[in-house]
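Only one chain is included here, represented as structure tokens and corresponding to the form predicted on its own.
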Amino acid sequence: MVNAHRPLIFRDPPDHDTLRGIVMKEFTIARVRDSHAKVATLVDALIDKCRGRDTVCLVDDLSCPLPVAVICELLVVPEADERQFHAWATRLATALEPDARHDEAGRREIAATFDAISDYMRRLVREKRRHPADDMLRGLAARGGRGRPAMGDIDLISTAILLLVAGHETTVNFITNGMLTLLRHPDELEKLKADPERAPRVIEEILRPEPPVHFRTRRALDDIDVEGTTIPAGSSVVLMLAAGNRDPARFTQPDRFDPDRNDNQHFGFGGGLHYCVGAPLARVEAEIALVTLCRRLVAPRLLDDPPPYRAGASLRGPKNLGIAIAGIA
């Protein structure tokens, strides 16, 4: 099953455009807006669980459980299955690393994980079709009609898996990298705490030097001339998003964290026709999480800097982030 059909982010037009259009009809602004209250409630509940402790691990205590709970809420996956979804998402994320394709044992494990989650999703889709409800997965599973193209079952399964993995692993890194950055710049943490309206500027500046995805690979469909060099058709191309975000020809003092910089267009969510469809939701989750953490963690400070990082280079973020605190507000 793992090689039966590639997710839409690895497809070219016209297939990509058709599948993306179906997803965008379900990933509506209204649905994202409606998630605000749910995300805020989840964040407060996760922080409340840390009461009575003098340290927290941001990854285990908040960054990991929050995104999987949110995406499972959108797909209306039973809460009891969230832990299994987290394990699946973590394992499948390693498939994006360049070394994964050279590790036979790793490929078998990824294939087994993909088959397991595919079987789960297939059963869930059947249940959605028997008992319709107003949720995202039910919308994707619709049979088409009234000029709307239908998504085939294989594409439906791969899209649902994509939403889980992309909506989880990248947001884990987004929130964790964001808090790490603020703890390294306590003056900015205090500014955000005093003025939560700064959050959008802070969020965009976090995405610039510390994007959740550091690079993606593509294949040239034709000869491409770049600054006097020709990339031959059929060549593999590595797009270094993180390097572009620190290009001194584009950004003044690119290694400086400056939420007040102007014209902060970055590649934190990619660009072009493959721009991340979940960007609005990821921004909501990160903004609410970081503002609430700044407000509720009393005298937070890093236990280790740098913290230990996850293996891999594509999806980059700390494996854990220990924070000492004087209490929970």
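Residue positions are given as counts along the sequence shown, with the first one as 1. Note that this is a predicted model, so its numbers are computed, not measured.
Keep in mind the form predicted together with a small molecule is missing from the figure; the text below concerns it.
A.B. asks: Using a 4.5 Å heavy atom cut-off, state whether residue 64 contacts the small molecule in the predicted bound form.
C.D. replies: Result no; residue 64 lies far from the small molecule in the predicted bound form.
A.B. asks: Even though the partner isn't displayed, in the predicted bound form is residue 176 close enough to the small molecule, meaning a heavy atom within 4.5 Å?
C.D. replies: Answer no; every heavy atom of residue 176 is more than 4.5 Å from the small molecule in the predicted bound form.
A.B. asks: Any chance residue 296 has a heavy atom within 4.5 Å of the small molecule in the predicted bound form?
C.D. replies: Answer no; every heavy atom of residue 296 is more than 4.5 Å from the small molecule in the predicted bound form.
A.B. asks: Does residue 282 make contact with the small molecule in the predicted bound form, using a 4.5 Å heavy atom cut-off?
C.D. replies: Because a heavy atom of residue 282 falls inside 4.5 Å of the small molecule in the predicted bound form, the answer is yes.
A.B. asks: Any chance all of 69, 288 and 292 sit within 4.5 Å of the small molecule in the predicted bound form, going by non-hydrogen atoms?
C.D. replies: Heavy-atom distance to the small molecule in the predicted bound form: none of the three under 4.5 Å.
A.B. asks: Quick one: which of 47-55, 32-40, 297-305, 268-276 gets within 4.5 Å of the small molecule in the predicted bound form, going by heavy atoms?
C.D. replies: Going through the listed ranges, the match is 268-276.
A.B. asks: With the small molecule left out of view, which of 89, 182, 163, 202 would have a heavy atom within 4.5 Å of it in the predicted bound form?
C.D. replies: Looking at 89, 182, 163, 202 one by one, just 163 meets the 4.5 Å heavy-atom criterion.
A.B. asks: Which pick from 121, 213, 93, 189 sits with a heavy atom within 4.5 Å of the small molecule in the predicted bound form?
C.D. replies: None of the other options qualify; the answer is 213.
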